[in-house]
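A single chain comes next, written as structure tokens; it is the form predicted on its own.
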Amino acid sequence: MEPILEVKDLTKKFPQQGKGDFLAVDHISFRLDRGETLGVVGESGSGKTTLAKLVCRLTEPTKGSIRLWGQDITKAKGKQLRKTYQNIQMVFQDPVSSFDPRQTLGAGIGEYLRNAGIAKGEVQARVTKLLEQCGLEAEFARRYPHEVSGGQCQRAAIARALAVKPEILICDEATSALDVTVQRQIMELLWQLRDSQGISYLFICHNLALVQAFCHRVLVMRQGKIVEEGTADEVILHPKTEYARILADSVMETELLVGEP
């Protein structure tokens, strides 16, 4: 089966004043199949967010290739780049800052639809449907980002991403700023979207228990490199590298502490 996304030898260097280049992403290769969820884990600064921005073309790579359904999008420009943004969407950790504070949530969700030339009435109808699909009532279209809770704003951010009918959704710590109850609701929504629409996910998360429950396969990153990969159970329950074992053990220790009276 041809992968929906194939990344080969992807590399990103950032210049440092008075020093050599900083290698944020170091010759990474992986594939993502349709309907699959690929987890990406690692400590802060391991290169996870930079990798996400490279894949969705928010950052230019230094080296390597990114292919979407076999088509090279590494250096996409103009119409091809706009098509790439439609096929690959990103949901960020802080949903409030991802919206224009001067616009309502409905305006933010409907921006792509308006730019596509869709009539105002049809845009409103689609925004309402997207909000409802994400568990929000139609009246949330009239609210501003600062007027809703973090969980509600993240649902609106997912609705905005779905407006372009993407095939890949990149979640960059999309649930880490939410409390446990809201986090569970957002995860249930992501599960539903995967089952009903066949969306593929690149799921960046520091919560390994969540990764194990949601992801089919997992990449472990350290200092810009992939140091381990496998199924979620293989990587989390039976890690092969010391680094992955330490990550898994730290999660178990946190869960034990949380569970204490």
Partner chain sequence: MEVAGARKKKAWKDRRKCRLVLFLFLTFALLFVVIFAERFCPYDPNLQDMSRSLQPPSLAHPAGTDRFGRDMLSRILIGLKTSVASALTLVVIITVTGTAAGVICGFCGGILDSAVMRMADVCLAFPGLVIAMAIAALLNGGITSAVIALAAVSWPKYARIARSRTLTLKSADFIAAARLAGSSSAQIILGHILPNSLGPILVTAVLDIGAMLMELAGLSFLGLGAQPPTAELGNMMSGGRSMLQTYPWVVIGPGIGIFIAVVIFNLLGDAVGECLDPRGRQEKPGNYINRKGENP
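Residue numbers count along the first chain shown, from 1. Small disclaimer: the values here were computed from a predicted structure and weren't measured.
The same protein also has a form predicted in complex with the partner chain, omitted here; what follows describes it.
Student: Of these, 135-143, 91-99, 118-126, 186-194, which stretch puts a heavy atom within 4.5 angstroms of the partner chain in the predicted complex?
Tutor: Selected range: 91-99.
Student: Contact between residue 66 and the partner chain in the predicted complex at 4.5 Å, heavy atoms?
Tutor: Contact with the partner chain, no.
Student: Counting only non-hydrogen atoms and a 4.5 angstroms cut-off, does residue 54 reach the partner chain in the predicted complex?
Tutor: Residue 54: no, not in contact with the partner chain in the predicted complex.
Student: Is it the case that residue 80, even though its partner is missing from this view, gets within 4.5 Å of the partner chain in the predicted complex, heavy atoms only?
Tutor: Judged by the heavy-atom cut-off of 4.5 Å, residue 80 is well away from the partner chain in the predicted complex.
Student: Looking in the predicted complex, any heavy atom of residue 160 within 4.5 Å of the partner chain?
Tutor: Yes, residue 160 is a contact residue.
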